Ligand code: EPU
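Just one chain is shown here, as structure tokens, and it is the form predicted alone.
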Amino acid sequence: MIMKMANPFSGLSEAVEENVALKPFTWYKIGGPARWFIRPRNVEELQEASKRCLENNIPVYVLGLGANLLVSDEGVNGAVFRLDHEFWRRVKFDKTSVEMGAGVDMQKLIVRTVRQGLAGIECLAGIPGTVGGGIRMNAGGKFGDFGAVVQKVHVMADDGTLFERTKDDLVFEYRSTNIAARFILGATIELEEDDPDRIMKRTKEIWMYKRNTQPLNTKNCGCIFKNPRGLSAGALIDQAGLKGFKVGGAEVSEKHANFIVAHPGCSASDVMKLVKIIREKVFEKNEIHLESEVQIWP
């Protein structure tokens, strides 16, 4: 229960807005508003706002590019943090080492590393999101994953305590990492020198593969379910005869069954109902529980 008080964020007005629509910040373009929307301009502002949430029992959510996210129609009765100020989007090159803020767009990062003649993150081509979200989810696919190049991650606990996690104690697994801290502030990655043209060719090949096999030009939030070990969630959904299946404005993509496309008029509840049906049908056919890859708020 959120405590009623005049303004738990007094003194932070330049970074905090009330009752902000989240639709524009998500790939789905659906869902309700955030009670508080916080865009800290530096670490100190983030620390202060996070402490206020802790003191006032305000639930905290962290938003990247909103690519892997479904916001409920009721919205979020809590504080949504977005690290999108230029401070969080800084990138610094030092030979083959690249230091960056959590708000850096992964696709823009690929372009910059290619120009520098640095290879290692081509596997992220066509995967939308920020560095923070990419590390949290260990973004990647059949061509590799982000965790393979990460050397250091700067994180922050809810009480504002700052930590540095290094390669030795980081564990990156399929769509997950062992980072428990809520806030990822930035990271350092280690890449390899290569010919820019060769890296760009590889990047384009990966991007073309994604474009040809996934519904990239639709409103979706990426893969809805994680692949069960050794299996493809998309193939299981297809085998259950669900390609093209609709609930309201939500439809299982004809191109890739692990994507749910939002058509005009689609609501978050349409997507959630469809997710439930997919789970039930796949379990009926194969006795396999599909685990969500998409984040659902709240």
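All residue numbers refer to positions in the sequence shown, first residue = 1. Just so you know, these numbers come straight off a predicted model, no measurement behind them.
Absent from the display: the form predicted in complex with the ligand. The rest refers to it.
Only one of 163, 93, 174, 207 comes within 4.5 Å of the ligand in the model of the complex through a heavy atom, and that residue is 174. This chain lacks the partner; the member of 29, 263, 41, 243 within 4.5 angstroms of the ligand in the model of the complex by a non-hydrogen atom is 243. None of 139-147, 95-103, 80-88, 154-162 except one has non-hydrogen atoms within 4.5 angstroms of the ligand in the model of the complex; the exception is 139-147. In the model of the complex, the ligand stays beyond 4.5 Å of every heavy atom belonging to residue 66.
Shown alone here, residue 183 lies farther than 4.5 Å from the ligand in the model of the complex, counting heavy atoms only. Interface membership of residue 50, defined by any non-hydrogen atom within 4.5 Å of the ligand in the model of the complex, is ruled out.
A residue is said to contact a partner when one of its heavy atoms sits within 4.5 Å of a partner heavy atom; residue 203 fails this definition for the ligand in the model of the complex, lying far away. Along 232-250, residues 232, 234, 235, 238, 243 each place a heavy atom within 4.5 Å of the ligand in the model of the complex.
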